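Read on for two forms of one protein chain; each stands alone as structure tokens, with the labels structure 1 and structure 2.
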Structure 1
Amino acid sequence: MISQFFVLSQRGDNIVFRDYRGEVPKGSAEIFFRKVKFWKEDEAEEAPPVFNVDGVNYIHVKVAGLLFVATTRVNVSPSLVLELLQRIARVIKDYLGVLNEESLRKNFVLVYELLDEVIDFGYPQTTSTEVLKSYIFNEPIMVDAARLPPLGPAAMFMQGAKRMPGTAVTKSVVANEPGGRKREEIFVDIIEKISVTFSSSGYILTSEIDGTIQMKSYLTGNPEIRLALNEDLSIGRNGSSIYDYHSSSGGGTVVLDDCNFHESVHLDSFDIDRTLTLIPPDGEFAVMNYRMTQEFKPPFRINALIEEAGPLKAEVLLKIRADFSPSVTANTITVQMPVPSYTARASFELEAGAVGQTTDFKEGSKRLEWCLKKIVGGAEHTLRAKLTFSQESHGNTTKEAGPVNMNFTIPMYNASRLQVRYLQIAKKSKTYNPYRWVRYVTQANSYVARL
């Protein structure tokens, strides 16, 4: 199916390379990196995940700053290969604990051993961490996570110098702690990606939540887990789902449009008390994926206004308000707004006392960019920008500007109100009391405000 698989660093260095079928020239990695680095087709800033060069299909994903790439000359399903690349990255991360350039270089023997079991002559065999443990014999060389810059979800739970203890993203599922001991821990993350579109007057036009209950277990003996969700959880908007359930308490019901579960989950008691029973496999996996289009309160309100200030000038006003509790803080907020193609310059005016905010005018792509390090719930921030045009707008400024797009991460907050009531571990010993971590994260999938 695939001819080659390789992993490139951000500089284009070839860290891992496997040629399964010998159909593609050896210089494919260099051809791919040059194409991605200097992509100029279709007026896009970045190369798409799938493209063709000289009869060779290049399919890639970017994970933790690394490029995972597959090449093929045949007409394969792009989504299948993209999923395979994501799963390979996840399996490698399960075994190494930390997925970055240093960990790959230190464990290249283990990585090649994994690839030989995952793919045979270009065809996928298995991507299950649990199944692979029977065939993998090399031990991982652990990278000191304490001196690494925070990557991915690990950065979400850092508050100043404090960290969430025993962060799952930096631990291997096959390696023990120093001294041969294994710390008994289980992590459950509820990660929601929200998509909201606002009208020019601030009303919500569309809203949707794509959520995942992610689990990573470090429990010895694979004990049975019981995960209880909201009692007033309802699945199926018309109430006729096979999982339909009506709360006796009334009001405040969490309504999901649809969902699916991992193969290890048993739904015997789900209809009765909304409890999932499972024996968690090794590695990180999605217990449940769900989608919700029921109206919910968006975490941010965006107001955008652009007015002409003369034949060659215009002023932009951007205002964002955090509509969540002051005890919650949003991190790494980025606001982007396309401006007319004839915009020559832009100057910015931040509010008085602004800290941790940066602004920029991306001249190549003609867009304004406003970055905020954090926003505390209830806070409101404003940005003014003055645009200078190279030609008269003739009253088309509003039509050619926008929409405003916003990206953010909010730890310990979820828009759907889906909650874990309890996490129960079935083990007979009374002294057995492992650490349980339940965390919530909301991210922007598509957060747009029209002008």
Structure 2
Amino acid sequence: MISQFFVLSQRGDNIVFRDYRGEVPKGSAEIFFRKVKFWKEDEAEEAPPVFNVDGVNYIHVKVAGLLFVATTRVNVSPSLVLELLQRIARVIKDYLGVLNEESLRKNFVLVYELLDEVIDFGYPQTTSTEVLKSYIFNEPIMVDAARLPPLGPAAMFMQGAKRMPGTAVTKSVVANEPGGRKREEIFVDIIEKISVTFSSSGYILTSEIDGTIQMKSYLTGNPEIRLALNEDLSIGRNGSSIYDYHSSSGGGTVVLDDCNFHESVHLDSFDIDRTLTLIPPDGEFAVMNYRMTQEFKPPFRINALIEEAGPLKAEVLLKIRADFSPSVTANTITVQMPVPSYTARASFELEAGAVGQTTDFKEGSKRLEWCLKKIVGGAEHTLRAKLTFSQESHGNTTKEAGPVNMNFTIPMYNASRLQVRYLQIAKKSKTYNPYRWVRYVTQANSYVARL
């Protein structure tokens, strides 16, 4: 089991350090940091999450710019430790509202108290914020959330969408509101990360959706919740290959390849009417994770072209089209395109009347970067760039450039068409009517068009 747990800042400062078994030397945090920092001397290559130095195994994850690390001498289950580290981060965030160096330092006593309940002698005991509440006596000290950069998946709601209560993101589960009374509310977020690879001719080579239904409840008394999903939802693809698009995409039903559920979820009626019943514990947790490779309509089409225009010049044309309803707006869009390594300069030409668009040529990594504040559904945007080369190209610019990679966030849109039909809260009284927020959001995971 794990021997030590510690949290390091990006600079390698020890923020939290707890030794559970005293079998690993004290200098482990320093050894770890040096190893991770200089994994490969000349390259900025990332260290794998699990490695062994001098008989000590170091297992780490990066959360919110911090390194959460566990050490052990024995042959543990690394996935258990990695999950545990993620969960510790989540519990701390539940308690502190925000997870960063400052909040950890301000609350170190509380953090140590939590760590003593979460892990005993290296064995995880509980990571449920709900359960922990009865053993934890320190109260969190809030850090000012307003001046902090937003963190976590829910943070995306802070941009643009006015309907979303921005404070929810950084609200502690245990601390009381300054007014004294806690607001009764529950958040259900359907977060989808989509990966699409387009071939050079625009065909979809691979596409995948990784989805999560995430819940964060601030309801007192933990009432029972019913969550109804699409009635025609089906799980598991038949046939030899789950990638056999022809056999199953018809009919408009949502077909998931696989899904899994939080342990508090009762699936008694799931097979009959696709409803989930649960008593949500406090804190943020994933009710359900799902994965889908069924064909779906990608939200953006990308057209990219690079053509030589003389021996030392080339022209780039980037076109993106938003293939979704005009009532939906995507935000914080970034389009990146690597160009040949001998590109010396790039000049850009935006379309007439372009607003909220910026362009940049990243010298170091040799890539064009095009940022758009927002794109309304149905719109199409174009960027032209002229490249100047420092040497003659080999007549292969297409092979040496690309692939184009796109990042975006689309609130109130989900590609899978998985829906929460209703969210029912077991009523305590007639007047009890807590706020319910059901929010959809789609993000690019690996959204790539090849040249």
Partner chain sequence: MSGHDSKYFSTTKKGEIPELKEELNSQYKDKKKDAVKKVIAAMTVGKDVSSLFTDVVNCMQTENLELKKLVYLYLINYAKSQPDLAILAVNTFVKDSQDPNPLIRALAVRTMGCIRVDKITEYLCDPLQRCLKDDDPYVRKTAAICVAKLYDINAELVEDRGFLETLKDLISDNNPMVVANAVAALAEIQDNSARPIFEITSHTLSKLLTALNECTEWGQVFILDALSRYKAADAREAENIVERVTPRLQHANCAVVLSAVKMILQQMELITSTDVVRNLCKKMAPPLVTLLSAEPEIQYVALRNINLIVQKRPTILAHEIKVFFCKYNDPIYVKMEKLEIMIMLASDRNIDQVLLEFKEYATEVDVDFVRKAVRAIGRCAIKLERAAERCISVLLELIKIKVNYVVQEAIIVIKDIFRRYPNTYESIIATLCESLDTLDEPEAKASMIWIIGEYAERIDNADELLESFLESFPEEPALVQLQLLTATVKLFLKKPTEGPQQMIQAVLNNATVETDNPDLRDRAYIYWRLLSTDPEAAKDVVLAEKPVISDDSNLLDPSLLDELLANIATLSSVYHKPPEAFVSRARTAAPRPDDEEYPDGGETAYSESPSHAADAAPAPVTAAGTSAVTHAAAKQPAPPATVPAAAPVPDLLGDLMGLDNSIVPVDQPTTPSGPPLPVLLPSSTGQGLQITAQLVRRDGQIFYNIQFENNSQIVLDGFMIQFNKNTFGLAAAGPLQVPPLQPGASARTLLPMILFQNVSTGPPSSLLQVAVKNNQQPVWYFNDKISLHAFFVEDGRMERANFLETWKNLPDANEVTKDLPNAVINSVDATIEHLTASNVFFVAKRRNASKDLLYLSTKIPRGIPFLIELTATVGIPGVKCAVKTPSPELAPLFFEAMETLLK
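Heads up, when I say rigid core I mean the largest set of C-alphas that superpose within 1.5 Å between the two forms. Quick note, the numbers are simply positions in structure 1, starting from 1. Everything quoted here is computed from the prediction, not taken from an experiment.
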Of these two copies of the chain, point out the form predicted alone.
-> 1
After the core is matched up, is the C-alpha of S28 off by 2 Å or more between structures 1 and 2?
-> yes
Classify S416 as shifted (yes) or not shifted (no) between structures 1 and 2, where shifted means its C-alpha moves by 2 Å or more with the rigid core superposed.
-> no
Rigid core fitted, is the C-alpha displacement of T206 between structures 1 and 2 2 Å or more?
-> no
How much does the C-alpha of G12 shift between structures 1 and 2, in angstrom, given a rigid core superposition?
-> 7.2
So if we fit the rigid core, how much does the CA of V56 shift between structures 1 and 2, in Å?
-> 8.4
